[in-house]
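Starting off, we have a lone chain in the form predicted on its own, written out as structure tokens.
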Amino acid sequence: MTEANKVPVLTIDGPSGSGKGTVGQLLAQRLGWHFLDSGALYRALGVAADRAQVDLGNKAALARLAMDMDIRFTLGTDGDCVDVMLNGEEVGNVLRTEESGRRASILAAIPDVRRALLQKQHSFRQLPGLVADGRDMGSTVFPDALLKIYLTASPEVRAARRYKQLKEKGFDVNLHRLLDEIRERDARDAEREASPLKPAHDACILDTSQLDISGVVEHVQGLLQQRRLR
């Protein structure tokens, strides 16, 4: 076993709006572990491509840009927010727009881009541990993770959550359009050739439609404690 593989990893996968980001951040803070928001990597790449005027159809240029960009995550003291630094600039608010999400979904379907970002994702695996949030963290990126969680919820619930989140941040959004975008993204993520959205074969699946965040966090932390005692 390599030194990196000795570092425990908790993966939290699932579709947009399932709560995986908030759950992952809170768990990382509670555990004192590092945090990886893999979706933010693709959103940040979309921002970097826009600023560098790289077309989303230029796969080779996008892969080079993915390897060269510097991205870091810093958890807030309350555990429910994270600062995202892209090449030394805080870009959290830019990454939360629906346009950033749309571009990220397109980029995530490009195999060359996924390969370029794989090594960068692995670099976040550092002691004392890593909480990795995304869509293929357990199935592809960290197949040897100590515990794999897959969170899901109905499209309607996820759209309502996203609507509330964006409205609180001052964005002008439409609930029906959000619901349509979530359904379209679900289909695109599930049907893509590279690492389609699906639970890892050994993942624990939790439907969060009727659960609050604190309940999910407690449940996952309990599962992790059981695994660590084995």
Ligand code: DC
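Please read all numbers here as calculations on a predicted model, not as lab measurements. From 1 onward, residues are counted along the sequence shown.
There is another form of this protein, the form predicted in complex with this ligand, and it is not shown here; the text below is about that form.
- Residue in contact with this ligand in the model of the complex (any heavy atom within 4.5 Å), chosen from A159, V91, A153, A104: A104.
- Proximity of V113 to this ligand in the model of the complex falls outside the 4.5 Å heavy atom cutoff.
- In the model of the complex, at least one heavy atom of S38 sits within 4.5 Å of this ligand.
- Although the partner is absent from this view, I149 stays clear of this ligand in the model of the complex, with no non-hydrogen atom inside 4.5 angstroms.
- In the model of the complex, none of the heavy atoms of H34 sits within 4.5 Å of a heavy atom of this ligand.
- With this ligand left out of view, the stretch that reaches within 4.5 Å of it through heavy atoms in the model of the complex is, among 41-49, 171-179, 58-66, 200-208, 41-49.
- With contact defined as any non-hydrogen atom lying within 4.5 angstroms of this ligand in the model of the complex, the contacting residues in 124-146 are G134, R135, D136, M137, given in sequence order.
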